[in-house]
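As C-alpha coordinates, one chain now follows by itself in the form predicted alone.
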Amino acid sequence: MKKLLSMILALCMVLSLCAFASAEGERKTISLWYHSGDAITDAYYTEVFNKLNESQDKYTFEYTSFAFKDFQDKFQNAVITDSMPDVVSLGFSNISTFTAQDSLLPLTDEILAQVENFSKVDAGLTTNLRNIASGTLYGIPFAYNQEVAYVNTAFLAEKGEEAPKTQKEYLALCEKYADAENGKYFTTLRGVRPYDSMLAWLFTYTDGAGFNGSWFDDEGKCILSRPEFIEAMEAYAGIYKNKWCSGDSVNNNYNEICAEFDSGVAYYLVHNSSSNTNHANALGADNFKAVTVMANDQGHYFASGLQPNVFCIPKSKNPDHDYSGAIVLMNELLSTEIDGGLCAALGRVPCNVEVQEQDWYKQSDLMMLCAGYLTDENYKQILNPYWLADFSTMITTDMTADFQAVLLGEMSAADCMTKWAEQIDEYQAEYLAEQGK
(Lines give C-alpha, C1' and ligand atoms only; values in the text may rest on other atoms or scores of the structure.)
Protein backbone atom coordinates (compact mmCIF):
# COMPACT_ATOMS: atom_id res chain seq x y z
CA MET A 1 0.00 0.00 0.00
CA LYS A 2 2.85 2.36 0.93
CA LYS A 3 4.59 1.48 -2.32
CA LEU A 4 1.43 2.25 -4.31
CA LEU A 5 1.00 5.58 -2.48
CA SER A 6 4.62 6.49 -3.20
CA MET A 7 4.11 5.72 -6.88
CA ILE A 8 0.97 7.89 -7.00
CA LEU A 9 2.76 10.78 -5.28
CA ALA A 10 5.71 10.44 -7.63
CA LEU A 11 3.38 10.43 -10.65
CA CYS A 12 1.57 13.51 -9.35
CA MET A 13 4.90 15.26 -8.94
CA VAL A 14 5.94 14.40 -12.47
CA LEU A 15 2.63 15.61 -13.90
CA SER A 16 2.89 18.79 -11.85
CA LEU A 17 6.39 19.45 -13.12
CA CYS A 18 5.27 18.81 -16.70
CA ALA A 19 2.37 21.21 -16.32
CA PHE A 20 4.68 23.82 -14.81
CA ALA A 21 7.18 23.40 -17.64
CA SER A 22 4.37 23.68 -20.18
CA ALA A 23 3.11 26.87 -18.57
CA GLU A 24 6.64 28.27 -18.44
CA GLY A 25 7.19 27.56 -22.14
CA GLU A 26 3.80 28.84 -23.31
CA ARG A 27 3.90 32.00 -25.39
CA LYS A 28 1.60 34.87 -24.51
CA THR A 29 -0.35 36.20 -27.49
CA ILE A 30 0.00 39.96 -28.06
CA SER A 31 -2.14 41.47 -30.80
CA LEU A 32 -1.98 44.60 -32.95
CA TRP A 33 -5.00 46.04 -34.73
CA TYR A 34 -4.06 48.26 -37.64
CA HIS A 35 -6.64 50.92 -38.43
CA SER A 36 -6.15 51.39 -42.18
CA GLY A 37 -4.94 48.27 -43.90
CA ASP A 38 -4.00 47.82 -47.55
CA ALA A 39 -2.09 45.24 -49.55
CA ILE A 40 1.33 46.87 -49.11
CA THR A 41 0.94 47.51 -45.37
CA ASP A 42 -0.43 44.01 -44.74
CA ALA A 43 2.42 42.35 -46.65
CA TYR A 44 5.02 44.40 -44.79
CA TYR A 45 3.66 43.81 -41.31
CA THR A 46 3.04 40.11 -41.96
CA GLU A 47 6.73 39.71 -42.69
CA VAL A 48 7.71 41.84 -39.70
CA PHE A 49 5.54 39.84 -37.31
CA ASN A 50 6.89 36.54 -38.65
CA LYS A 51 10.43 37.73 -37.90
CA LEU A 52 9.46 38.99 -34.45
CA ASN A 53 7.93 35.62 -33.61
CA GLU A 54 11.01 33.77 -34.83
CA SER A 55 13.37 35.99 -32.85
CA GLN A 56 12.04 35.14 -29.37
CA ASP A 57 9.90 32.55 -27.59
CA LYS A 58 8.06 34.61 -24.97
CA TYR A 59 5.31 36.12 -27.15
CA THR A 60 3.26 35.29 -30.20
CA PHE A 61 2.62 38.59 -31.93
CA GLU A 62 -0.52 38.73 -34.09
CA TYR A 63 -1.32 41.32 -36.76
CA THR A 64 -4.88 42.16 -37.83
CA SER A 65 -5.85 44.99 -40.16
CA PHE A 66 -9.13 46.67 -41.03
CA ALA A 67 -10.34 48.90 -43.82
CA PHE A 68 -10.41 52.47 -42.50
CA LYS A 69 -14.17 52.74 -43.02
CA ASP A 70 -14.79 49.69 -40.82
CA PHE A 71 -12.24 50.26 -38.10
CA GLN A 72 -14.02 52.72 -35.81
CA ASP A 73 -17.10 50.50 -35.45
CA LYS A 74 -14.93 47.42 -34.85
CA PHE A 75 -12.91 49.15 -32.16
CA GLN A 76 -16.00 50.67 -30.53
CA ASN A 77 -17.51 47.20 -30.26
CA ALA A 78 -14.28 45.86 -28.77
CA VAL A 79 -14.34 48.64 -26.18
CA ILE A 80 -17.91 47.77 -25.18
CA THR A 81 -17.13 44.05 -24.87
CA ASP A 82 -13.67 44.57 -23.33
CA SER A 83 -12.15 42.51 -26.14
CA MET A 84 -9.66 45.08 -27.31
CA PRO A 85 -6.28 44.25 -28.83
CA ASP A 86 -3.08 44.81 -26.87
CA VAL A 87 -1.85 47.55 -29.22
CA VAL A 88 -3.81 49.58 -31.74
CA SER A 89 -2.85 52.07 -34.43
CA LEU A 90 -5.03 55.15 -34.76
CA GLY A 91 -5.30 58.17 -36.98
CA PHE A 92 -4.56 61.52 -35.32
CA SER A 93 -8.20 62.60 -35.48
CA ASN A 94 -9.39 59.54 -33.51
CA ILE A 95 -7.43 60.28 -30.35
CA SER A 96 -9.95 62.65 -28.75
CA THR A 97 -12.86 60.36 -29.55
CA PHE A 98 -11.35 57.39 -27.77
CA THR A 99 -9.76 59.27 -24.88
CA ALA A 100 -13.17 60.79 -24.16
CA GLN A 101 -14.42 57.21 -23.73
CA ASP A 102 -11.50 56.38 -21.42
CA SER A 103 -10.57 53.52 -23.74
CA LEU A 104 -6.85 54.34 -24.15
CA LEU A 105 -4.16 53.86 -21.53
CA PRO A 106 -2.37 57.07 -20.47
CA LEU A 107 1.31 56.65 -21.31
CA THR A 108 2.91 57.68 -18.04
CA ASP A 109 6.60 58.44 -17.60
CA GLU A 110 6.95 54.98 -16.07
CA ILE A 111 5.55 53.32 -19.19
CA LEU A 112 7.51 55.55 -21.58
CA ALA A 113 10.73 54.66 -19.76
CA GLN A 114 10.15 51.06 -20.86
CA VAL A 115 9.67 52.10 -24.51
CA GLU A 116 13.32 52.64 -25.41
CA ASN A 117 12.57 53.75 -28.97
CA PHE A 118 10.35 56.56 -27.72
CA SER A 119 13.49 58.70 -27.43
CA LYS A 120 13.88 58.53 -31.23
CA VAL A 121 10.43 60.00 -31.96
CA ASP A 122 10.27 63.66 -33.02
CA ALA A 123 9.51 65.59 -29.82
CA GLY A 124 7.40 68.18 -31.66
CA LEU A 125 4.92 65.53 -32.74
CA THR A 126 4.50 64.13 -29.24
CA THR A 127 3.97 67.67 -27.96
CA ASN A 128 1.10 68.10 -30.43
CA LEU A 129 -0.46 64.91 -29.14
CA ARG A 130 -0.20 66.07 -25.56
CA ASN A 131 -1.81 69.39 -26.49
CA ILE A 132 -5.03 67.74 -27.69
CA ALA A 133 -5.35 65.71 -24.49
CA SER A 134 -4.70 68.33 -21.80
CA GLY A 135 -1.05 67.38 -21.44
CA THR A 136 -1.45 63.61 -21.27
CA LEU A 137 0.12 61.38 -23.92
CA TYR A 138 -2.14 58.58 -25.18
CA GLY A 139 -0.19 57.46 -28.23
CA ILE A 140 3.24 57.50 -29.85
CA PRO A 141 3.55 58.79 -33.45
CA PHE A 142 5.20 56.56 -36.04
CA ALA A 143 4.43 58.04 -39.49
CA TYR A 144 2.44 60.77 -41.17
CA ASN A 145 1.15 61.57 -44.64
CA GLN A 146 1.86 64.95 -46.19
CA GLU A 147 -0.75 66.41 -48.53
CA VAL A 148 0.73 66.74 -52.04
CA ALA A 149 -0.48 66.92 -55.63
CA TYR A 150 0.35 64.33 -58.27
CA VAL A 151 0.61 65.23 -61.95
CA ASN A 152 0.85 63.04 -65.04
CA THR A 153 4.10 64.35 -66.52
CA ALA A 154 3.62 62.47 -69.78
CA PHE A 155 0.33 64.29 -70.35
CA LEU A 156 1.84 67.68 -69.47
CA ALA A 157 4.75 67.11 -71.85
CA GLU A 158 2.40 66.09 -74.66
CA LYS A 159 0.25 69.21 -74.19
CA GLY A 160 3.13 71.57 -73.50
CA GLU A 161 1.69 72.48 -70.10
CA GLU A 162 3.20 72.91 -66.65
CA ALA A 163 1.82 71.68 -63.35
CA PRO A 164 -0.52 74.35 -61.98
CA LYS A 165 1.03 76.39 -59.19
CA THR A 166 -2.11 78.29 -58.22
CA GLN A 167 -5.80 77.54 -57.84
CA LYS A 168 -6.60 79.84 -60.75
CA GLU A 169 -4.20 77.97 -63.04
CA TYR A 170 -5.72 74.70 -61.87
CA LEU A 171 -9.30 75.78 -62.61
CA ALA A 172 -8.26 76.98 -66.07
CA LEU A 173 -6.73 73.58 -66.84
CA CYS A 174 -9.80 71.79 -65.44
CA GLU A 175 -11.99 73.70 -67.88
CA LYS A 176 -9.59 73.40 -70.81
CA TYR A 177 -9.10 69.64 -70.69
CA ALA A 178 -12.53 68.46 -69.54
CA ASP A 179 -13.68 65.96 -72.17
CA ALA A 180 -16.80 64.30 -70.78
CA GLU A 181 -17.63 62.74 -74.13
CA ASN A 182 -14.45 60.67 -74.05
CA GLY A 183 -14.32 60.28 -70.27
CA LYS A 184 -11.09 62.28 -69.86
CA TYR A 185 -10.52 65.08 -67.37
CA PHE A 186 -7.65 67.14 -66.05
CA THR A 187 -8.60 66.42 -62.45
CA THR A 188 -10.30 63.91 -60.20
CA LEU A 189 -12.41 64.92 -57.20
CA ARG A 190 -13.15 63.10 -53.96
CA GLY A 191 -16.77 63.05 -52.78
CA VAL A 192 -16.37 60.55 -49.92
CA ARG A 193 -14.20 61.60 -46.95
CA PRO A 194 -13.22 64.74 -48.86
CA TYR A 195 -12.08 66.71 -45.85
CA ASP A 196 -8.28 66.99 -46.22
CA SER A 197 -8.20 68.04 -49.87
CA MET A 198 -11.39 70.08 -49.53
CA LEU A 199 -10.21 71.95 -46.42
CA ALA A 200 -6.88 72.64 -48.10
CA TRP A 201 -8.82 74.20 -50.99
CA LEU A 202 -11.08 76.27 -48.71
CA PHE A 203 -8.33 77.64 -46.49
CA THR A 204 -6.01 78.34 -49.42
CA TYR A 205 -8.74 80.08 -51.44
CA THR A 206 -9.60 82.35 -48.49
CA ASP A 207 -6.02 82.67 -47.19
CA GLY A 208 -7.49 81.37 -43.96
CA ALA A 209 -9.44 84.63 -43.59
CA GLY A 210 -6.30 86.03 -42.00
CA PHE A 211 -6.35 83.73 -38.94
CA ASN A 212 -3.21 81.71 -39.74
CA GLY A 213 -4.94 78.36 -40.19
CA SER A 214 -7.20 78.55 -37.14
CA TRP A 215 -10.85 77.60 -37.50
CA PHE A 216 -11.74 80.37 -35.04
CA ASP A 217 -11.70 84.17 -35.13
CA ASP A 218 -10.51 86.44 -32.34
CA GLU A 219 -13.85 86.06 -30.54
CA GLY A 220 -13.62 82.27 -30.66
CA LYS A 221 -16.27 81.77 -33.36
CA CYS A 222 -15.81 79.36 -36.26
CA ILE A 223 -14.93 81.18 -39.50
CA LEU A 224 -16.31 78.65 -42.00
CA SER A 225 -19.59 80.52 -42.52
CA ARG A 226 -17.86 83.70 -43.71
CA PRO A 227 -18.69 84.87 -47.26
CA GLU A 228 -15.21 84.07 -48.57
CA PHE A 229 -15.51 80.45 -47.43
CA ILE A 230 -18.91 80.15 -49.10
CA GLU A 231 -17.39 81.48 -52.32
CA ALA A 232 -14.53 79.01 -51.98
CA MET A 233 -16.96 76.11 -51.60
CA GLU A 234 -18.94 77.27 -54.64
CA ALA A 235 -15.74 77.32 -56.71
CA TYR A 236 -14.74 73.86 -55.50
CA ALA A 237 -18.18 72.33 -56.08
CA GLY A 238 -18.21 74.00 -59.48
CA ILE A 239 -15.55 71.55 -60.68
CA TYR A 240 -18.20 68.83 -60.46
CA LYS A 241 -21.18 70.95 -61.47
CA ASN A 242 -19.37 72.18 -64.60
CA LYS A 243 -18.51 68.58 -65.51
CA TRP A 244 -14.80 69.26 -65.24
CA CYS A 245 -14.40 65.91 -63.47
CA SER A 246 -16.09 62.56 -63.83
CA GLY A 247 -19.73 62.09 -62.88
CA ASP A 248 -18.54 59.35 -60.54
CA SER A 249 -16.63 61.87 -58.44
CA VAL A 250 -19.54 62.44 -56.08
CA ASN A 251 -19.05 58.86 -54.84
CA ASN A 252 -15.27 58.71 -55.24
CA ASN A 253 -13.28 57.58 -52.22
CA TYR A 254 -9.53 56.94 -51.96
CA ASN A 255 -9.49 53.90 -54.23
CA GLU A 256 -11.57 55.61 -56.90
CA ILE A 257 -9.58 58.86 -57.12
CA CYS A 258 -6.36 56.84 -57.36
CA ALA A 259 -7.89 54.59 -60.01
CA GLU A 260 -8.91 57.57 -62.12
CA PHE A 261 -5.43 59.03 -61.93
CA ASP A 262 -3.61 55.73 -62.41
CA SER A 263 -5.74 54.73 -65.42
CA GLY A 264 -5.42 58.06 -67.24
CA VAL A 265 -9.01 59.19 -66.71
CA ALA A 266 -7.54 62.18 -64.85
CA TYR A 267 -4.12 63.81 -64.96
CA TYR A 268 -4.04 65.64 -61.64
CA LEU A 269 -4.74 64.36 -58.14
CA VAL A 270 -4.61 65.95 -54.70
CA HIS A 271 -3.91 63.29 -52.13
CA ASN A 272 -0.97 62.55 -49.87
CA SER A 273 2.40 60.87 -49.92
CA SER A 274 1.00 57.42 -49.06
CA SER A 275 -0.34 56.73 -52.56
CA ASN A 276 2.98 57.36 -54.31
CA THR A 277 3.87 53.67 -54.63
CA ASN A 278 0.53 52.86 -56.27
CA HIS A 279 1.04 55.58 -58.89
CA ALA A 280 4.57 54.41 -59.61
CA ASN A 281 3.37 50.84 -60.16
CA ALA A 282 0.53 51.94 -62.43
CA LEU A 283 2.11 54.72 -64.46
CA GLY A 284 5.83 54.15 -64.17
CA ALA A 285 8.11 56.38 -62.14
CA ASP A 286 8.97 58.61 -65.12
CA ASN A 287 5.36 59.41 -66.05
CA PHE A 288 4.22 61.19 -62.90
CA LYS A 289 5.61 63.23 -60.03
CA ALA A 290 4.54 64.73 -56.73
CA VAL A 291 4.45 68.51 -56.47
CA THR A 292 3.44 71.10 -53.90
CA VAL A 293 -0.30 71.64 -53.60
CA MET A 294 -1.86 74.72 -55.21
CA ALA A 295 -1.24 78.20 -53.79
CA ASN A 296 -3.46 81.27 -53.72
CA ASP A 297 -2.78 84.73 -55.18
CA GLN A 298 -0.67 85.58 -52.13
CA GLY A 299 1.55 82.57 -52.80
CA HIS A 300 0.36 80.80 -49.65
CA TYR A 301 -0.83 77.22 -49.57
CA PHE A 302 -2.63 75.51 -46.72
CA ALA A 303 -2.72 71.85 -45.80
CA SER A 304 -3.90 70.07 -42.68
CA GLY A 305 -1.36 70.24 -39.89
CA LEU A 306 0.79 67.18 -39.35
CA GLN A 307 -1.49 64.26 -38.51
CA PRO A 308 0.69 61.31 -37.53
CA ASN A 309 -0.62 57.82 -37.15
CA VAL A 310 0.00 56.65 -33.60
CA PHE A 311 0.39 53.45 -31.65
CA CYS A 312 -1.78 53.28 -28.53
CA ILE A 313 -2.43 50.74 -25.80
CA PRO A 314 -6.15 50.11 -25.18
CA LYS A 315 -7.15 50.39 -21.53
CA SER A 316 -8.53 47.21 -20.04
CA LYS A 317 -11.43 47.26 -17.61
CA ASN A 318 -9.39 44.88 -15.45
CA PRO A 319 -7.32 47.06 -13.06
CA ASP A 320 -4.74 44.24 -12.73
CA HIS A 321 -4.24 43.83 -16.47
CA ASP A 322 -0.63 43.13 -17.52
CA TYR A 323 0.51 45.59 -20.23
CA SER A 324 4.12 44.38 -20.42
CA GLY A 325 3.67 42.51 -23.71
CA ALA A 326 1.97 45.49 -25.30
CA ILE A 327 4.89 47.70 -24.29
CA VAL A 328 7.35 45.23 -25.82
CA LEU A 329 5.44 45.17 -29.13
CA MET A 330 5.06 48.95 -29.25
CA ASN A 331 8.77 49.38 -28.68
CA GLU A 332 9.59 46.97 -31.53
CA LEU A 333 7.24 48.71 -33.95
CA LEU A 334 8.85 52.08 -33.20
CA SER A 335 12.34 50.82 -33.96
CA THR A 336 14.37 52.51 -36.67
CA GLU A 337 14.45 49.34 -38.76
CA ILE A 338 10.72 48.57 -38.66
CA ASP A 339 9.46 52.16 -38.87
CA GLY A 340 11.92 52.97 -41.63
CA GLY A 341 10.89 49.92 -43.64
CA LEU A 342 7.21 50.81 -43.32
CA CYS A 343 7.71 54.42 -44.38
CA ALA A 344 9.89 53.41 -47.34
CA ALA A 345 7.28 50.91 -48.51
CA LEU A 346 4.32 53.28 -48.13
CA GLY A 347 5.79 56.68 -48.95
CA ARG A 348 5.06 58.01 -45.48
CA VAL A 349 7.11 60.54 -43.59
CA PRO A 350 8.81 58.89 -40.60
CA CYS A 351 8.43 60.18 -37.05
CA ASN A 352 11.58 58.36 -35.95
CA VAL A 353 14.35 60.93 -36.49
CA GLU A 354 16.94 58.20 -37.06
CA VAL A 355 15.02 57.05 -40.15
CA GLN A 356 15.69 60.45 -41.68
CA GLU A 357 19.36 59.43 -41.87
CA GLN A 358 18.63 56.32 -43.92
CA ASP A 359 19.67 56.40 -47.59
CA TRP A 360 16.20 55.76 -49.00
CA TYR A 361 14.89 58.84 -47.17
CA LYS A 362 17.67 61.20 -48.20
CA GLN A 363 17.50 59.98 -51.81
CA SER A 364 13.70 60.23 -52.12
CA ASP A 365 12.39 63.25 -54.05
CA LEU A 366 9.03 62.68 -52.36
CA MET A 367 10.49 62.80 -48.85
CA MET A 368 12.51 65.90 -49.70
CA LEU A 369 9.33 67.54 -51.04
CA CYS A 370 7.49 66.74 -47.80
CA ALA A 371 10.38 67.94 -45.65
CA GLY A 372 10.50 71.15 -47.67
CA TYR A 373 7.00 72.10 -46.54
CA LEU A 374 8.25 72.59 -42.99
CA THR A 375 10.83 75.17 -44.02
CA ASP A 376 8.71 76.97 -46.63
CA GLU A 377 7.41 80.30 -45.32
CA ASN A 378 4.45 80.05 -47.73
CA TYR A 379 3.19 76.82 -46.18
CA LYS A 380 0.45 77.30 -43.62
CA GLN A 381 -0.87 74.48 -41.43
CA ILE A 382 -4.61 74.17 -40.97
CA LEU A 383 -5.05 73.85 -37.23
CA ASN A 384 -7.86 71.32 -37.17
CA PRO A 385 -9.61 71.19 -33.75
CA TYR A 386 -8.69 67.63 -32.92
CA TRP A 387 -9.29 68.31 -29.23
CA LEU A 388 -13.05 68.18 -29.94
CA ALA A 389 -14.31 64.65 -29.29
CA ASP A 390 -16.97 64.86 -32.03
CA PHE A 391 -14.66 66.32 -34.68
CA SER A 392 -13.55 62.96 -36.07
CA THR A 393 -17.14 61.82 -36.61
CA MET A 394 -18.08 65.15 -38.16
CA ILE A 395 -15.36 65.14 -40.80
CA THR A 396 -15.91 61.52 -41.80
CA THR A 397 -19.72 61.42 -41.84
CA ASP A 398 -21.33 64.87 -41.88
CA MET A 399 -18.80 66.39 -44.25
CA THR A 400 -19.22 63.55 -46.71
CA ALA A 401 -23.03 63.71 -46.73
CA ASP A 402 -23.18 67.51 -46.87
CA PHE A 403 -20.50 67.89 -49.53
CA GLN A 404 -22.23 65.31 -51.70
CA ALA A 405 -25.48 67.24 -51.24
CA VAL A 406 -23.77 70.43 -52.42
CA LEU A 407 -22.35 68.68 -55.48
CA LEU A 408 -25.78 67.32 -56.38
CA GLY A 409 -27.50 70.67 -55.87
CA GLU A 410 -29.47 69.44 -52.86
CA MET A 411 -27.82 71.91 -50.45
CA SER A 412 -26.42 75.37 -51.08
CA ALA A 413 -22.80 76.15 -50.31
CA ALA A 414 -24.01 78.80 -47.84
CA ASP A 415 -26.21 76.33 -45.95
CA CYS A 416 -23.42 73.78 -45.88
CA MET A 417 -20.77 76.13 -44.53
CA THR A 418 -23.17 77.63 -42.01
CA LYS A 419 -24.08 74.17 -40.72
CA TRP A 420 -20.43 73.21 -40.26
CA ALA A 421 -19.61 76.45 -38.48
CA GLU A 422 -22.54 75.98 -36.11
CA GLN A 423 -21.49 72.40 -35.35
CA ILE A 424 -17.93 73.45 -34.56
CA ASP A 425 -19.17 76.30 -32.35
CA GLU A 426 -21.40 73.86 -30.48
CA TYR A 427 -18.59 71.34 -29.98
CA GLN A 428 -16.22 74.07 -28.85
CA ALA A 429 -18.74 75.43 -26.35
CA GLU A 430 -19.19 71.95 -24.88
CA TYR A 431 -15.43 71.46 -24.69
CA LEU A 432 -14.86 74.79 -22.95
CA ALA A 433 -17.65 74.04 -20.50
CA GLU A 434 -16.01 70.71 -19.63
CA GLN A 435 -12.70 72.50 -19.14
CA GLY A 436 -14.38 75.01 -16.84
CA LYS A 437 -13.58 77.94 -19.10
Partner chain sequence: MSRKTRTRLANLFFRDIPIVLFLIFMLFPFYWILNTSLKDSIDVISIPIQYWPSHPTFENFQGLISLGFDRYFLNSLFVATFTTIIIMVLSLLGGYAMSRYRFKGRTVVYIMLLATQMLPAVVLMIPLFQTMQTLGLIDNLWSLVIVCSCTNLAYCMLMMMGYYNSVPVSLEEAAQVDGCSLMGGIIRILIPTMAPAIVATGAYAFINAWNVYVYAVAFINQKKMYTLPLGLNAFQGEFGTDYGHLAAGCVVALIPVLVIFAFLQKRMAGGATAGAVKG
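Numbering follows the first chain given and starts at 1. Definition used throughout: the rigid core is the maximal C-alpha set that superposes within 1.5 Å between two forms. Keep in mind it's a predicted model, so treat the numbers as computed, not measured.
There is another form of this protein, the form predicted in complex with its partner chain, and it is not shown here; the text below is about that form.
For this session: Given that the partner is absent here, state which listed stretch (318-326, 150-158, 78-86, 221-229) has heavy atoms within 4.5 Å of its partner chain in the predicted complex.
Result: Comparing against its partner chain in the predicted complex, the contact stretch is 78-86.
Exercise. Ok, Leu125, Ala282, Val250, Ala178: which has a heavy atom sitting within 4.5 Å of its partner chain in the predicted complex?
Worked result: None of the other options qualify; the answer is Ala282.
For this session: Only one of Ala235, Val353, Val265, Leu112 comes within 4.5 Å of its partner chain in the predicted complex by heavy atoms, so just point that one out.
Result: Contact residue from the list: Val265.
Problem set entry | Contact flag, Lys380 vs its partner chain in the predicted complex, heavy atom cut 4.5 Å | No, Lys380 is distant from the partner.
Exercise. Just to confirm, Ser103 within 4.5 Å of its partner chain in the predicted complex by heavy atoms?
Worked result: No, no contact at 4.5 Å.
Exercise. With the partner left out of view, is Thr187 within 4.5 angstroms of its partner chain in the predicted complex by any non-hydrogen atom?
Worked result: No.
Problem set entry | Contact flag, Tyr361 vs its partner chain in the predicted complex, heavy atom cut 4.5 Å | Contact check for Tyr361: no, nothing within 4.5 Å of its partner chain in the predicted complex.
Exercise. Quick one: in the predicted complex, does every one of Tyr240, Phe403 and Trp420 get a heavy atom within 4.5 Å of its partner chain?
Worked result: Negative, none of the three is within 4.5 Å.
For this session: For the heavy atom contacts within 4.5 Å of its partner chain in the predicted complex, list the residues of 244-266 involved, in sequence order.
Result: Heavy-atom contacts within 4.5 Å come from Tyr254, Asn255, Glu256, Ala259, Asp262, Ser263, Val265.
Exercise. Hey, does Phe391 budge by 2 Å or more at the Cα between this form and the one not shown once the core is superposed?
Worked result: Not so; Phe391 is displaced by less than 2 Å.
Exercise. For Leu407, is the CA shift between this form and the one not shown at least 2 Å following rigid-core superposition?
Worked result: No, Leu407 moves less than 2 Å.
Problem set entry | Per-residue C-alpha change between this form and the one not shown, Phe68, threshold 2 Å, rigid core fit | The answer is yes; the displacement is at least 2 Å.
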